[in-house]
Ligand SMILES: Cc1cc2nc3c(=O)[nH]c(=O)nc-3n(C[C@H](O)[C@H](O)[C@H](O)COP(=O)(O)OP(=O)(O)OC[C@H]3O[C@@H](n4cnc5c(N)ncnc54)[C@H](O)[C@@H]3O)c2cc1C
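Consider the single chain below, provided in structure tokens and representing the form predicted alone.
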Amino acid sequence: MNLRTRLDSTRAPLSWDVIVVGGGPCGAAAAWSLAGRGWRVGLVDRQAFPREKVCGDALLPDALHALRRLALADEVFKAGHRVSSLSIVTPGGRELRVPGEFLTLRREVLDAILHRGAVRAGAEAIQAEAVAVFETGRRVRVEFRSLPPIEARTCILATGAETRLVQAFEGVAPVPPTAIASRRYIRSGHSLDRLMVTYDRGLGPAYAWIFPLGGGWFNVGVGSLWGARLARDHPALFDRFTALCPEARAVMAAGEASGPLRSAPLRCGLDERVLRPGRLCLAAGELAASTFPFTGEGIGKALETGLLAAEAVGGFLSGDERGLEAYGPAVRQLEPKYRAYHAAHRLLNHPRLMELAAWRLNRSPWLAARLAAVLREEEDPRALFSVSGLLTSFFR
């Protein structure tokens, strides 16, 4: 009996231990963790997988670490393209290269792998659009546009930048998106062996990237603050970038675009107010603004907050009435990293200081090693993205 038949054949809402709304990296990670422990998990998404997703398609070390916890790293690495260097271009045009372990993979492929992993672990996929989530006594009820409602003992909301469902909870007012990013796929004969992110002042208050995907494909994109004038004209910003940046010019000159420029909002910086919208519901991933400022990287912390939410829900389902309360403090332990990336982002308002930092990073093996360790999340980023960290490098 399939899911729709089961839903239609009973008057009472079908029940699970936990409903995860949102089948992207965050939701899939949470569903994988809980289903793997034997809990009945419904994994809801309005789209079928694989499905297109606007993203930079780059996986930094924190995402790779989370994928190893999910036992999916081998499958992802097999499908992806390995890159061993990240290049950051300052507003003044100074290029800083940082070695590391990076991977690029189209989100439609990555998300499909994660979703399949959750289903293999035992989660039941539900393709439907959730229109309302509310608590009734000791249960959570999820209502759909095209299916009868379902109930669960608890719920994890992982709907990305879409905040509609969480706004229905009393007292929850998520911050609006903080940035907007746009990307285009280019197939090109140009060779590039590193990830590139540029904050060149010629772009104005914006940033841009070129990420090689392997097989001659590139993800080329631009981003700006939400509500800024540039956000309303990303096609022009994209054209400016591909004319201004030598590597972007070379990629475009030797290739052709596949499909239009596509855009999506970003929620950056960690929004603690939505972590627990109700007594029985948790919010994770980009819904809780888990994307990093400065880099716009969000997959790693989406996975990590999904796993943290699953840990709290697992405790609650096992009989710990206060289990869900552990989630907020666990996520707050990530705050120092967000404050550090906020500090790095503020450097963009001080070009001379940023140029000095880049100059020192290119000349100080000690400082360069600290940056690589920060990207691997082996060192507190506050020690690097600070004036004291910069001054210390002169004595190392």
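Don't overthink the numbering: it's just position in the shown sequence, from 1. On a predicted model such as this, the values are computed, not experimentally measured, just so you know.
Omitted from view is the form predicted together with this ligand, to which the following refers.
Asks: Tell me the stretch among 176 to 184, 307 to 315, 67 to 75, 247 to 255 that has any heavy atom within 4.5 angstroms of this ligand in the model of the complex.
Replies: Result for this chain: 176 to 184.
Asks: Looking at the partner-bound form in the model of the complex, is Thr242 within 4.5 Å of this ligand by any heavy atom?
Replies: No, Thr242 stays farther than 4.5 Å from this ligand in the model of the complex.
Asks: Since only the chain is shown here, I'm wondering whether Pro91 would be in contact with this ligand in the model of the complex (any heavy atom pair within 4.5 Å).
Replies: Looking in the model of the complex, residue contacts with this ligand do not include Pro91, since no heavy atom lies within 4.5 Å.
Asks: Although the partner isn't part of this model, could you tell me whether Asp233 comes within 4.5 Å of this ligand in the model of the complex, counting any heavy atom of the residue?
Replies: Outside the cut-off, so no.
Asks: Mark Ala31 yes when one of its heavy atoms lies within 4.5 Å of a heavy atom of this ligand in the model of the complex, and no otherwise.
Replies: Although this ligand is absent here, Ala31 would stay clear of it in the model of the complex, with no heavy atoms inside 4.5 Å.
Asks: Looking at Ile299, Ala118, Leu282, Ala152 here, can you tell me which has any non-hydrogen atom within 4.5 angstroms of this ligand in the model of the complex?
Replies: Of the listed residues, the single hit is Ile299.
Asks: Which listed residue (Phe102, Tyr199, Phe211, Phe294) meets the criterion of a heavy atom within 4.5 Å of this ligand in the model of the complex?
Replies: Of Phe102, Tyr199, Phe211, Phe294, the residue with a heavy atom within 4.5 Å of this ligand in the model of the complex is Phe211.
Asks: Taking heavy atoms and a 4.5 Å limit, what residues of 248 to 281 are near this ligand in the model of the complex?
Replies: Read in sequence order, the residues that approach this ligand (within 4.5 Å, in the model of the complex) are Ala264, Pro265, Leu266.
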